[in-house]
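Okay, here we've got a single chain as structure tokens, the form predicted alone, with questions on binding and movement later.
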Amino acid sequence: MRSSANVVIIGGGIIGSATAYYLAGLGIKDIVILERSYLSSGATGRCGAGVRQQWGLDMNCQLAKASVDIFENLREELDYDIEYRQGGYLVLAHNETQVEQFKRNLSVQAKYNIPSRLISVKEALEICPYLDTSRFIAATFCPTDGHANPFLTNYAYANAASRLGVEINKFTEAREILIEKGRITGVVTDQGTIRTSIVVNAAGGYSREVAAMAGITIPTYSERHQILVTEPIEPLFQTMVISFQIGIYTQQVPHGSFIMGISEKEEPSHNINASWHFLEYMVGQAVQILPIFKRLRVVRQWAGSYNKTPDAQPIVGEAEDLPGFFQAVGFSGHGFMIGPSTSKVLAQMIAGQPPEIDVSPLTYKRFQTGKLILEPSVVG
């Protein structure tokens, strides 16, 4: 392990790996990633892997659209098949209030050339013929939304970063961030100390603990969210079906299995053990929207950490109280889908360049000033 580096990134998920890749592409040398386990061992490897552009705020639409633009070309750019597929997102509206909100969302999305539209129940059935039409009154659909393999995407970024000279230290835990006279001087790990003046907190579920090492208090917290996978069957539909009201999402992945998850009321914790309670609740809700699921058999389920903030929006940027300490954390379940653009913007900020998307509202100081960012289209 190097004894010094220009930048030390704590966390080897999509944010850490992609930030390292984009930083190296900007000419920054001597970058080190510290991952206490294996790549994708945290939230990246446990997520639903959807890629959605249907948001209600300008900044989120910008980040999402920019990420889709990256995802569409990532296989060629990184020379790695990430199994990216654009089958669209079908977002169900259950009442007139939601329909009106979706109309407002669409007006924002249109500003960034996101090709989403409001559709009728009949049109929704043309996209997904197995829906229970008594459960919704309209929907929105964006054909360029989609799905990618999170493991392959993360590995693609990590491998490309390695080719550019980034050192990735797996099974290496950050223990302490050294600070002298208000400046970062190094990171102590269980394998030794690395001298550096720049640290990136990309620690996902443990973002709060890493920030605390730097003397920074952030209001992130982790919740257990669970996912189940069915046996693979013949193709039924390509789109991701999602409901903000129920907190449910489901999609058939390329090899034929359905992946699905639903929001549950959980106490903050680092518990990532799966439960039979989730299985019972998930199945009960899913078959109400898609009765055909009664015919499916569940193969397995797992749990992971949703690292959340009080307004379900991430913290991105340099800490005002500690120069050189950058963060991209608290994505509240959206880290994978906006990971490419967020990482690119963060790399530009670290390199001292003006970011291509203004993410200044995502400062952690907003929780002290009360300037919360209230996105109307969030799943749990």
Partner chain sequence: MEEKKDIVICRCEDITLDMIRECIRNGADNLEEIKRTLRCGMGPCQGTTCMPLIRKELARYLGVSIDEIEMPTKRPPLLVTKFETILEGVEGEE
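Here the structure is a predicted model, which is why all the values come from computation and not from measurement. Positions refer to the first chain, counted from 1.
Omitted from view is the form predicted together with its partner chain, to which the following refers.
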Does residue 100 reach its partner chain in the predicted complex if we count a contact as any heavy atom within 4.5 Å? no
Give a yes/no on whether residue 163 approaches its partner chain to within 4.5 Å in the predicted complex, heavy atoms considered. no
Is residue 183 close enough to touch its partner chain in the predicted complex, meaning at least one heavy atom pair within 4.5 Å? no
Does at least one non-hydrogen atom of residue 255 fall within 4.5 angstroms of its partner chain in the predicted complex? yes
Would you mind picking out the stretch of 262-270, 135-143, 170-178, 196-204 that comes within 4.5 angstroms of its partner chain in the predicted complex, counting non-hydrogen atoms? 170-178
Using heavy atoms only and a 4.5 Å cut-off, decide whether all three of 40, 284 and 298 touch its partner chain in the predicted complex. yes
Work out which of 213, 118, 289, 152 lies within 4.5 Å of its partner chain in the predicted complex, going by heavy atoms. 152
Answer with one of 209, 126, 280, 79: the residue that has a non-hydrogen atom within 4.5 Å of its partner chain in the predicted complex. 280
